[in-house]
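First, one chain by itself: the form predicted on its own, in structure tokens.
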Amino acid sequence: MKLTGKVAIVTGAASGLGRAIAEKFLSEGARVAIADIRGAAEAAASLGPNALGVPMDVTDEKQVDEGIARVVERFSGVDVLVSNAGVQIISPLVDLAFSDWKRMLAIHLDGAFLTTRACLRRMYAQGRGGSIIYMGSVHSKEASPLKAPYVTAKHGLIGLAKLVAKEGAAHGVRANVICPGFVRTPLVEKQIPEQARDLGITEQEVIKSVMLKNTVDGEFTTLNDVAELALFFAAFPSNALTGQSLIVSHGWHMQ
């Protein structure tokens, strides 16, 4: 039970990667806030008494600050933030609407900033340290066509994590980035037909020749692969790894 007594907030946790991480944390003894723009209460209810549903649009400063305050009041603090909320838009750069660019950066970067700021204020005041974990991507390290705002935002999270690692060190707060390859979540499922359309190939070719082409085994990264890494970072006992990002991609990208 690596997280016994810890309180975690996971954004975008009603489904997909966030849900898998929340389940992993709960199984390791944490109390977990399921923060999501929709479905938070229902997801929390299905996860048991140690889960709290918090409706939250991570781009809304008031909702973020009030949501974090609610978690702190209910669970007496916060020890781990997993900034996971995200969306994807597939488009050639020349056709990308400015409104879609701004929406993507708002969710991924503004949301990470607002939730980080709210949690850091609590962590500093508590004086017991903490862990900030950002959900990056292999696209935090590498670019792919048709994903300009996503690639830009995911690169930005690495910079934010390094800054938080430097500023948070004096307070015992660590920061890390998880960089998954393709995980078969609803977000990725939606991309398959979109990329097939934009690239003029079949959906199976998208999977084989685009998404999994550079893996060592032709396999998707699993929800559990990512959840295990989140647990590793959340439970790590020192600052030795702070500011670092780790790729979990079946060899899709190696550093």
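Quick note: we count residues from 1 along the sequence shown, nothing fancier. Nothing here was measured: the structure is a model prediction, and the numbers come from that model.
What follows is about the form predicted in complex with nicotinamide-adenine-dinucleotide, which we do not show.
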- Among the candidates 47, 188, 212, 41, the residue which, in the predicted complex, approaches nicotinamide-adenine-dinucleotide to within 4.5 Å (heavy atoms): 188
- Report the residue, out of 229, 206, 52, 58, that has at least one non-hydrogen atom within 4.5 angstroms of nicotinamide-adenine-dinucleotide in the predicted complex. 58
- Looking in the predicted complex, any heavy atom of residue 86 within 4.5 Å of nicotinamide-adenine-dinucleotide? yes
- Does residue 149 make contact with nicotinamide-adenine-dinucleotide in the predicted complex, using a 4.5 Å heavy atom cut-off? no
- Using 4.5 Å between non-hydrogen atoms, is residue 37 touching nicotinamide-adenine-dinucleotide in the predicted complex? yes
- Message: So, residue 181 and nicotinamide-adenine-dinucleotide: in the predicted complex, are they within 4.5 Å at any heavy atom pair?
- Response: yes
- Message: Which is the contacting stretch out of 173-181, 125-133, 67-75, 92-100, given heavy atoms within 4.5 Å of nicotinamide-adenine-dinucleotide in the predicted complex?
- Response: 173-181
- Using a 4.5 Å cut-off on heavy atoms, which residues of 199-238 contact nicotinamide-adenine-dinucleotide in the predicted complex? none
